[in-house]
Structure formats: structure tokens, C-alpha cells
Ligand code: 9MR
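Next up: a single chain in C-alpha cells, the form predicted alone.
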């Protein structure tokens, strides 16, 4: 088989095509004329895929167009090379967040055939005292379920706002959402929907409720049909730390557009900062008896406090947070993680994009060293894998695609610091893998690629009666330790980790969707499309 990035390749980027068989391959143009013949290079055994892989290097082909790769048996696969080949993908990945909106209806003019009525717009009961009700409407449904979780929200917002901070030119196009045309970039319009909900989750004392959900996951129904009671669950220190960090980050970004909103965010962030200082002990979260919705539990909040300290230091221009930032840097065992369970890497993104230096040269040098060191390890693993993946075999767990994409962000940042092309090439290999360069020939983004997965574990997708899913949903991906009944039934024991996937909506441990699996891919596609959009801006 020939495995390609099914969306396409940028002209100047390295193009390594994994194939299953040795021999000479022909590369033909659209008119059938052979423009190149290449011998497949033996890349050895890819342990995570459980097979030998050969590679074709098509980097020298940079002329935009559609090309056909033919193997020695005349089997073929097409690839597209173009400077704008990732633009529609980038747009769809961002539009996903609109489709996840809660507490409102999605109108046909913005959602097309995926429109639905208003959902989850009723007050929620406080778990600790159900006689008290709160207005916590709004935000985004977190995943394939209808829950809303502060730690997950902060992670997604962190990816998106740092993508915007670094590559703002990639977010000028209208997303065709209700707020489009209001002089605020639509990615900030969309993030504001989530931030407004997060503000409702803060208590008067600065504590932040962990989540709002029903007691049990809804059946596979449309959002407006989920009418069970909503509950607001107790404060966790992880939620407070994440909330403090992301509202501080957002306050800096939104100040250019809306000073009043920025002030609200700053005030909320400082209030939660004081809560963290007054409550230095870890306050975790576990589902109470009778609740089976997402738990987002953790064993430490050092990473959340580290991120909060970094953002607080930058927001207050060094007046608050610097002492804690230095102390927490030493205390936190990780420095470069960008997932909901460990947000230490967002502290690094804060410090490393602190152009005015409020967080200090010393901290910048430390985080730079951490990111480059991690990137070297990831690039080495990518080069070792025939499919260019930065994960070791044992790292293909639940949501492995999130880890692939977050690794891509670390690699991009290391490239921006050092200019070492090996980091950039490895970062693009992570995108290639997600978009079809994998042993299953599967694009893990709905609507993008000839082998795009079609059956995400997502309640509206199952319930809406529409054959095609919404484009732009990222799948959780292969899970070497599948843990739902249907995945265990469908995947034979002993299957190689990179092949432990099934395109079946029942398999929530394989192909559920979430906001924080889309968000790191938005970051990577922003990086990938930045040159195109910068040239568009320069050319008017």
C-alpha cells in the first residue's frame, strides 16, 4: 500500500511517503506523463505499526499540481501539492467549535443541515445544595457527550489563543458564525463563547466549579432532547488554576478589541489567583456516587498552578506571580506538556511569547532549554518511525492523536527558537500521520481525505439522521489498550498499537471527538498556513 497525506502537501515541505513494498515507483503528472522514478528506501520495522516500512522521498517535487504515485504492481495513489492545500482543513477545524456550542440553537444560515434547536438553557442545581440553582448556560459541549468541563475548556482555549497570538494572519477569514463581521476575528468570537461560560463557573471567593453535567451521559439524542437535570459540581484546584491562567491570557489578547471584557477577565483571574494563594493544598475531584459523566481527575495541581503563575506574572507586568513562578518551576516535574491532565507546557508558551520580558530572561532560557530538549527526543522518535510518528509503542493510549498533535506544537516551538529544520520536518510528519500517513490509510479528520473516518463517537452525529458527519472533527485515534466493549470486540488481541482503531461510533475509547483534540490541530494548521496568509496580507 501507498500511504499519503490525503489532504495534500505544501510545495516546499519534505514529503516522505510510506509504502509497504520495496521496488521502483513511478511519479506521474495529471496528464499521465511520468516525471520521476524513485526507489523505495528501507526504513526498517516500525514497532508501533508492527510492520516493515519503505519510504519514498518526493521533497524535490515542488511544482503545484496533482500527482499519481504508482507501485511496481501498478497500484496507485494521488497526492496534491499546493500552497493553499491546508486552508480548507484549517477553516473546518476552527468551525468545529461553533458546532459544539451549548445553550443556544444552531441556525441553518450558519450550520446548514446540521442546525438544531436551543439546548441546555435551564438553570443547574448546585451539587452541594440542590436547592440553589445557577445560570451556567453557554460554552461548548466538551466532546461526544454534552458535558462542560473547566479543565478541558482551558486546554482548548490555551491552544487556540496561543495559535492566534503567534499566527494572527491565519484567523482573518469569516467562520460564518452569528458574530461574523463585528470587527473581532472569528476565532476570538468563538473563544469568547467559552470564556463567557467559564466566567459563570467562578464563585464569589474565586473558586471555580469543576464541571456542569447531568448525572449520567445522555442517550444518543440531539442536544435539545437531553432534558435531565443539570448539576454544578464542586470546586477543584485544577479548575481554579486553569481558569486563572486562561482568563489572564485572554485578558491580554482581548484588550485590543474590548477593554471592558478584558477587565472582567483580569478581575476574575486575580480573584482566582488569590484563591490559589489562600488554598495551597491540592483539591482534586472525583465523581460522586451516582454520577458517571467525565471526571477529569488528577493527582496534582502543580502544573495548573505553574501555568497560572506564568500568566499572572505576564498580565500584571511582574507585579504578581513571579516568586510563585520560580518556585513552581522547580516543584513541577514536567515543563512541556499541553494536554488537559498536564498543562505545564502552557506556562512555557506564556514565558516564551512574553515579548516584553515580564517573566524574566532566566525563566525564558529555562523553558527554551526544556522545549528544545523535548523536541530533540520527539524528532528522534519521529525519525525512528517509518510513519514519522513521535509516539513510542506504549504511548498509543486513549486520545493518542492529541499527544501526536501536542508533540507537533513542541516541535514547532523548538523550530521557531532554533531554526533547526529537523524540528519543523518532524512537526509536519505529525500532520501527515493524522491525515493518512499511517498503516490504516485513515485520515483522522472527518471530511478530509479519501479515507477519512466517518463515524465519530458524537451524539448529534449519530442522532441527526444525516449520512455525512460534520467536516473537521478530529478523532481520538488508535488506542493500544482499548477499554470499551465494542473496541474490545472489534480489535483482535495482539494488534499493533498503531492499528488499534475502528471507525465505529460505539467505540468511545478510539474515536470520540473533543474540543481539545481539535485545538492543537488548529495550532499546527495555523503554523502550516501562515506563509500563505502572510503573502495574502502583503499582496493586499
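All of these numbers come straight from a predicted model, not from anything done at the bench. Residue numbers count along the first chain shown, from 1.
Beyond what is shown, the protein has a form predicted in complex with this ligand; the following relates to that form.
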Can residue 398 be called a contact residue for this ligand in the model of the complex at 4.5 Å between heavy atoms? yes
State yes or no: in the model of the complex, is some non-hydrogen atom of residue 275 no more than 4.5 angstroms from a non-hydrogen atom of this ligand? no
Any of the heavy atoms of residue 243 lying within 4.5 Å of this ligand in the model of the complex? no
According to a 4.5 angstroms non-hydrogen atom cut-off, is residue 143 in contact with this ligand in the model of the complex? yes
Counting any heavy atom within 4.5 Å as contact, can you tell me which stretch out of 81-89, 233-241, 135-143, 382-390 lines this ligand in the model of the complex? 135-143
Pick from 362, 295, 128, 258: which has a non-hydrogen atom within 4.5 Å of this ligand in the model of the complex? 295
State the residue from 484, 46, 503, 512 whose non-hydrogen atoms include one within 4.5 Å of this ligand in the model of the complex. 512
Triplet 9, 428 and 527 all within 4.5 Å of this ligand in the model of the complex via a heavy atom: no
Could you pull out the residues of 146-180 that have any heavy atom within 4.5 Å of this ligand in the model of the complex? 149
